[in-house]
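The chain that follows stands alone, in the form predicted alone, written as structure tokens.
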Amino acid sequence: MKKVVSILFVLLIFLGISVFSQVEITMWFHSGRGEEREVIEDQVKRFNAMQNEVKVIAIQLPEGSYNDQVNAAALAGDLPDVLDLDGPFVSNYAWAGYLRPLDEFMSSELKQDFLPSIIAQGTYNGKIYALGTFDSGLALWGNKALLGKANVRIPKNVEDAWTFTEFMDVLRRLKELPEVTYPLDLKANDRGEWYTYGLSPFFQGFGADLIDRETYMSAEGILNGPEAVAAASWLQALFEQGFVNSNPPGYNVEFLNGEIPLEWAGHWEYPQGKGALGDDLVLIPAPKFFKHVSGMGSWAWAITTNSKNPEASWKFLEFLLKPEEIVKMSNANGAVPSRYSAIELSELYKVGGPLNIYVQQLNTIALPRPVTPGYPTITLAFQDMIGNLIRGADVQEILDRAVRVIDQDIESNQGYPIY
């Protein structure tokens, strides 16, 4: 009998059939855009087919309630092995003990191949907890025909960006065109995280911020100091003086119709903008205020502390993070590839590509939203402040209120001590 078993064992190996049980890992991901879902589903399917050591069970969750479901699962001890999460929330999840550091799996060569913005976003307390396959780009999309009518200079790269004075002169010239009512779209109707992601860089451009980044213990004097008051007053004036529509008819409608010459938006606008404006669509770097800043951040992958199979989980993440897989995702959702080796493979983002300005920005002026466990409260306070600002509220009062909310949260959590 023993001899028969040995022969069967050798035969299975010869036939390439594993005699060991396959490891199953569960993976959660937010529903996101259709193209993203299709790529992830295809990647899971191909990963499962290409090897027989790890099988990924993918579960898609609605984006709107994603964080709530993750937090509920964490409290119940039901987190999956792998999940994706929005970049600014990495530190909160890591602080809460939901995530496992990825450093032990990463070689120095792999780490150096990632954009600095990806490493900054995924790092908390000196350890890397999440890695994205893509990052976002935030800059100005322009209508070249209308800019030409206003005799406006179009910057070609980050170093060539409009200064604050030049930017305001551009807005005034564009507003004088008879076919233009509002020269700039800031997507005032896209509430929620957009307000923080899209509009906080203007505050940082004035020298303010959402919190003191040296200590992460208070927003006092940072979000309600003179620089923040100047930024908020300037932003409010754009709405009050008719440079920006506070109640646009729909998302991106006026820009795509050729009614607004400039929109402050992300990489995701490229496919629609190119389809609507053709060769008149032009990407313009973020203007250089008193400090040159642009936004960044996107969804990233992490391994949870609930995982009993972290090595198998990393094997799957390693597959997703391959340059060719990153490019597949970037081609689907238009986002910036997270690794330099993938950027070189991307027709959109390589040097000379139409969206390379985003790469330049991520290498030089991109600033992550505050990397602190208190970020969920910070962003809600900032969003509420922006909503009131657009409605014409007293600037100092709403800034002070946001600071009180942020500081009270920090105090209630004893300063978010590291455990």
Partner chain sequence: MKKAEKSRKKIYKQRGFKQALPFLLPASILLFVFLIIPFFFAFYLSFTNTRLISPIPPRFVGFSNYVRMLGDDLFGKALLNNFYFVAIVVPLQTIFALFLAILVNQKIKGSTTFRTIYFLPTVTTMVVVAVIWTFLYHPEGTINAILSFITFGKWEPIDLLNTERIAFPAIMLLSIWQGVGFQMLIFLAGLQEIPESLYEAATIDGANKWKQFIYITLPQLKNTSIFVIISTTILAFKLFDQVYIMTSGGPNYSTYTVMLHIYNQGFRMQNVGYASSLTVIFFLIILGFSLIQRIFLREEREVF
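Positions refer to the first chain, counted from 1. None of these values were measured; they are calculated from a predicted model.
Form predicted together with the partner chain: not shown, discussed below.
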Note: exactly one of L380, V44, V54, L367 sits with a heavy atom within 4.5 Å of the partner chain in the predicted complex, namely L380
Assert contact residue (the partner chain, in the predicted complex, non-hydrogen atom within 4.5 Å, options Y197, Y98, Y129, F134) equals Y98
For the three residues P376, A393 and V405, verify that every one has a non-hydrogen atom within 4.5 Å of the partner chain in the predicted complex; reply yes or no. yes
Option from 67 to 75, 343 to 351, 311 to 319, 226 to 234 whose residues, in the predicted complex, bring a heavy atom within 4.5 Å of the partner chain: 67 to 75
Is P248 a contact residue for the partner chain in the predicted complex, using a 4.5 Å heavy atom cut-off? yes
Would you please decide whether D384 lies within 4.5 angstroms of the partner chain in the predicted complex, comparing each non-hydrogen atom pair? yes
Does D400 reach the partner chain in the predicted complex, with heavy atoms at most 4.5 Å apart? no
Classify N388 as contacting or not contacting the partner chain in the predicted complex by the rule of any non-hydrogen atom within 4.5 angstroms, answering yes or no. yes
